[in-house]
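The chain below stands alone, shown as structure tokens; this is the form predicted alone.
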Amino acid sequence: MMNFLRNLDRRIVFLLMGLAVAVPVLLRASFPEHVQPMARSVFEEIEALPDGSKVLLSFDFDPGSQGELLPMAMAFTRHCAEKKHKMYFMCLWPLGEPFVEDAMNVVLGLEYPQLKYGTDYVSFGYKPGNEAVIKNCIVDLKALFITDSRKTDLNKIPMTANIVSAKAMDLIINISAGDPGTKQWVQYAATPGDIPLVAGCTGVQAPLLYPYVPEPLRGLLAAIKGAAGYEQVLNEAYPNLAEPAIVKSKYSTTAALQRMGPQFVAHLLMVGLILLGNIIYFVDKKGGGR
């Protein structure tokens, strides 16, 4: 047995790792998540707002980062919908606009049909200009966005008729894959405009954004781990979201939790193989072998 383990074919290791990832994916397995303080602070920041507050959501990512960021973007949308917040969507990345449309049409349209476009949520769409867009948003929003994404005059939409600038928002939520993203929202909106800000970002960005927490960045979800923690606390607070019968769209309310499943099993396998390798080493050393 020891000789078999000592000479284990690497293809068997590859097969085990493939199974460790594939089986949880196929079974849509999820495990209880330990909620980090940062994820809880993001939840509490949104939860503490009075129902019907104005929230600006900026989806600043593209398909290359949707594996990490799409679950948290949809979780943010559901949380705001549960709180009946007024949602103002926009994006600084051109390929972020389809995700805004998915949030409105797939999540809100199917799961919250009582919410109406123009009354409960609206999209400004994509606007080029990077941080210049943010700078203009906190001065004169309508000078920049004359119409919504559907080419309707903002003055004719109930939600935007009396909005002058982003300073009217009670909270900004940014989901970011890079620049422009959370750093620019901190520098050009949250700080000069004194607007509360929470964000979600990719794993590689998180170390660069931690210095902004807790002020002016009130909370940060880092990668799929942060998204899973946020889903966990959100589903605990709103049990109806965790019921499969309620999930009518292709975007599951436990999407991030399910994506943590393969990571958990794969990490266990890696630790087990490392321990096994060390056991074989010490057994051989004790026996006088190489």
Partner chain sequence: MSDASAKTNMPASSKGAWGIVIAVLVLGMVLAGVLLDAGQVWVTSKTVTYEEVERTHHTDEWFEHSQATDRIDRDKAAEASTLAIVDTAQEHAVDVNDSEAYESVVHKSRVRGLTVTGEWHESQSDTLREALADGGTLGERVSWEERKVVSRLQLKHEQMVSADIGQDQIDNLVSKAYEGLQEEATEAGLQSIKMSAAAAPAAGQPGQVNIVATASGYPAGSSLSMNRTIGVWLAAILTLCIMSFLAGDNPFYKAAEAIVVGASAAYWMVLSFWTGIVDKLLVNLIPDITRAWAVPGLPESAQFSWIYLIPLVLSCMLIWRLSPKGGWIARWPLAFVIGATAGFRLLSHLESDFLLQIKLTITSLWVVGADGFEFWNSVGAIVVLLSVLCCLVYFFFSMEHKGAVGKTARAGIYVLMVTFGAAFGLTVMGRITLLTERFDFLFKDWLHLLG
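Numbering follows the first chain given and starts at 1. The structure presented is a predicted model; accordingly, all values stated were derived computationally and were not measured. Throughout, rigid core stands for the largest set of C-alpha atoms superposing within 1.5 Å between the two forms.
What follows is about the form predicted together with its partner chain, which we do not show.
**Student:** Using a 4.5 Å heavy atom cut-off, are F14, K183 and Q187 all in contact with its partner chain in the model of the complex?
**Tutor:** Contact check passed for all of F14, K183 and Q187.
**Student:** Counting any non-hydrogen atom inside 4.5 Å, which residue from V107, A206, A177, A81 sits next to its partner chain in the model of the complex?
**Tutor:** That would be A206.
**Student:** Even though the partner isn't displayed, in the model of the complex is A143 close enough to its partner chain, meaning a heavy atom within 4.5 Å?
**Tutor:** Although its partner chain is absent here, A143 would touch it in the model of the complex, with heavy atoms inside 4.5 Å.
**Student:** Considering only heavy atoms, tell me if G272 and its partner chain come within 4.5 Å of each other in the model of the complex.
**Tutor:** No, G272 stays farther than 4.5 Å from its partner chain in the model of the complex.
**Student:** Is T119 a contact residue for its partner chain in the model of the complex, using a 4.5 Å heavy atom cut-off?
**Tutor:** T119: contacts its partner chain in the model of the complex.
**Student:** L95: heavy atom within 4.5 Å of its partner chain in the model of the complex?
**Tutor:** Flag for L95 set to yes.
**Student:** What residues, if any, in 129 to 161 have a non-hydrogen atom within 4.5 angstroms of its partner chain in the model of the complex?
**Tutor:** Heavy-atom contacts to its partner chain in the model of the complex: E131, A132, K135, A143, L144, I146, T147, R150, K151, T152, D153, K156, I157, P158.
**Student:** State yes or no: after fitting on the rigid core, is the Cα displacement of V265 between the shown form and the other one at least 2 Å?
**Tutor:** For V265, whose C-alpha is compared between the shown form and the other one after core superposition, the shift is 2 Å or more.
**Student:** So that I can tell if A29 moves, could you say whether its C-alpha shifts by at least 2 Å between the shown form and the other one after the core superposition?
**Tutor:** Yes, its C-alpha moves 2 Å or more.
**Student:** Once you account for a change of 3 Å or more, let me know if L16 and G203 sit closer or farther in the model of the complex, using their C-alpha atoms.
**Tutor:** Relative to the shown form, the pair is closer.
**Student:** Your call: A29 and E111 CA atoms, closer or farther in the model of the complex versus the shown structure, by 3 Å or more?
**Tutor:** Relative to this form, farther apart in the model of the complex.
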